[in-house]
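Form predicted on its own, single chain, as structure tokens, below.
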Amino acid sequence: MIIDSAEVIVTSPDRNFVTLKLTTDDGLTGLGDATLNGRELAVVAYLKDHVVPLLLGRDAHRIEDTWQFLYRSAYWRRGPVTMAAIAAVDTALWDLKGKAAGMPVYQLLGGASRTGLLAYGHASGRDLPELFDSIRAHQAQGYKAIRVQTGVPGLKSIYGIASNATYEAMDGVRYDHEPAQRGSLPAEEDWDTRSYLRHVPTVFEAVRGEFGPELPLLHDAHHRLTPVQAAQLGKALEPYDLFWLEDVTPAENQEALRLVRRHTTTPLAIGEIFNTVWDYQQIIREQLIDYVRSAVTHTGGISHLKKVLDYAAQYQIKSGMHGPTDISPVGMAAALHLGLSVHNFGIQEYMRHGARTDQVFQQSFTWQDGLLHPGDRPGLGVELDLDEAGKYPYVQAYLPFNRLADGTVHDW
């Protein structure tokens, strides 16, 4: 099974996606997701100019050898662009192998460890009534676990609040459930940590009062806190029994999580912007986190993220794979196959793509009673409609950024 051609496809049905399509000499095709939100064209160039020429003529069955070749032969290792490109190749090769075997990828990974994958959705609101409406709407869609993001008094627009003005596209239409905006410059948002720390515990008190103790609740601090502030927030939220508190502080400083861990028992989810097992080495070994947040798309593909999760399993740390709409349906399917197979699955982030995206990427995974399943089609179970994809060319888009009241650029 020799790789005969490799094509990099950029399409923007509801947002920008980068897809690698490999075709073998016996006519099989495999897809990989290489989307890097806000930096998509950097990965396109890396794939087209550096990776694709190395793939032609290679044996598509040699997944591990190809991964090691692409990682080690470049000399310049790691980083989101490199690892997203490698992830696309790796995922496409797993798709090809599944199709060649006539089996879904999860069967090649050892078979199912469960019947379905618990998923959480994103509820948000500028105030409590709007937030409560959003939680109820997600429950009506079948979600059994809910991430709660809220507006903060005095701040005009912050991450995770779908109804905020900065979450609208240039034409006034919301840009596919996420804060990326189409336009030539990123949107500027405001931030005040003290206001946030005062407000968030009162929100969770109200949510628990309204929805009871059984509903699993999650929250994303989005790297905005210092270690001391993160510890304060984790401690303040302990009475509300969170499923997890995500990205409380920039995790590049991994020693900082020791301080957070000493002061709160609130479970921690870290790693959305990590790319390799080496990013996780210390915080897994020292048991400073409870959930691995990486996406297949940004962490070297199925092969490498499985190694991260196998390492984490030694310390009773579970998966919590990144799965918003800046992960394409191809990347989402890869996460579902991996999550179904590993023993230490925790929960899967799941945001529904827009109707145009679902036309471009035709999917086999199912959503029923709060559980996801990748389906049993051979490979990943996703097919790309090239005619539909061609209707939606790339559109420049950026994630927003933060400034404090005095004008200082802050973590976003």
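All residue numbers refer to positions in the sequence shown, first residue = 1. Everything numeric here is computed off the predicted structure, so don't read it as measured data.
Not pictured, yet referred to below: the form predicted in complex with a small molecule.
Looking in the predicted complex, is the small molecule within 4.5 angstroms of a heavy atom from every one of 293, 324 and 399?
Yes, each of 293, 324 and 399 comes within 4.5 Å of the small molecule in the predicted complex.
In the predicted complex, does residue 147 have a heavy atom within 4.5 Å of the small molecule?
Yes.
May I ask you to check whether residue 279 falls inside a 4.5 Å heavy atom distance of the small molecule in the predicted complex?
Heavy-atom contact with the small molecule at 4.5 Å: absent for residue 279.
Although the partner isn't part of this model, could you tell me whether residue 37 comes within 4.5 Å of the small molecule in the predicted complex, counting any heavy atom of the residue?
So residue 37 counts as contacting the small molecule.
With the partner left out here, check for me: in the predicted complex, does some heavy atom of residue 222 sit within 4.5 Å of the small molecule?
Heavy-atom contact with the small molecule at 4.5 Å: present for residue 222.
Determine which one of 324 to 332, 300 to 308, 72 to 80, 107 to 115 lies within 4.5 Å of the small molecule in the predicted complex, judging by heavy atom distances; exactly one does.
In the other structure, the partner sits against 324 to 332.
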